[in-house]
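Taking the form predicted on its own, here's one chain by itself in structure tokens.
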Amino acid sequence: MADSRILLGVLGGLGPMSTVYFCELLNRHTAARCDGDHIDMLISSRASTPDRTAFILGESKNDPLPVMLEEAHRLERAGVNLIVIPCNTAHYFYDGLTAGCHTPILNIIRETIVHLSALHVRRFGLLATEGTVKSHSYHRLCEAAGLICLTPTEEEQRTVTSIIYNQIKQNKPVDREAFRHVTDNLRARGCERLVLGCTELSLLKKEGLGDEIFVDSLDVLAYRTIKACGKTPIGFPASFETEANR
């Protein structure tokens, strides 16, 4: 009888620490009694992939798509059955990746919006890179789902960008007061939930970011990946109980 296990391909390095944390989530939240119960996976961490936001904003001519396709094809040649990309900004290139690959690729943005809909959220705030915000990657999918996506003001977005690029990516302490200022303002504008729409921001959970108002896109991707690989997810926030019957 042929082995029916799914071999997962993680197209990572975007950034590297987020890739490591994503794989940690997969292992921590998969119901398992032994090593063999966990997900089989191959991990590509191409840290030298050109910066996604710089290209999207026209600040660089170095297109990340060819490098991402190269890594996706490397994973395909190795026999993966499913690919995941633990980076929101990289999903600007999702259509190009799916057109150039034979392997299904989970979409972190689509899955996050489905999760928000399951929670009956109609108005949420997006905390993400400038590339994700300016490309309207979330907004386009929100329209079909009937959700309203609010983003920080330009000044607040500069704060978020600095936290991502000048603090988290450089392994420096995060200015929690500045982050709280942005999130408080979004909440004051009527946001029911705040989406951590950059997987670097997901790392803030390691520093105790535990407010239930936050929906972590990396949590959502991990949950959906575990289910897609035929495993049982455990230990996720209570909000994921709404997805139990999906």
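Everything quoted here is computed from the prediction, not taken from an experiment. Residues carry their position along the shown sequence, with the first being 1.
Absent from the display: the form predicted in complex with a further copy of the same chain. The rest refers to it.
Screening 56, 39, 194, 69 for any heavy atom within 4.5 Å of a further copy of the same chain in the predicted bound form leaves a single hit, 39. None of 134, 74, 123, 158 but one reaches within 4.5 angstroms of a further copy of the same chain in the predicted bound form through a heavy atom, and that residue is 74.
Heavy atoms of no residue among 110, 117 and 224 are located within 4.5 Å of a further copy of the same chain in the predicted bound form.
Put simply, residue 176 is far from a further copy of the same chain in the predicted bound form: not one heavy atom of it is within 4.5 Å. Proximity of residue 62 to a further copy of the same chain in the predicted bound form: non-hydrogen atoms within 4.5 Å are absent; the residue sits far from the partner. Looking at residue 212, you'd find every heavy atom of it more than 4.5 angstroms from a further copy of the same chain in the predicted bound form. Contact check for residue 145: every heavy atom lies farther than 4.5 Å from a further copy of the same chain in the predicted bound form. Across the options 134-142, 149-157, 163-171, 100-108, residues that bring heavy atoms within 4.5 Å of a further copy of the same chain in the predicted bound form belong to 163-171.
Of all the residues from 88-118, none has a non-hydrogen atom no more than 4.5 Å from a further copy of the same chain in the predicted bound form.
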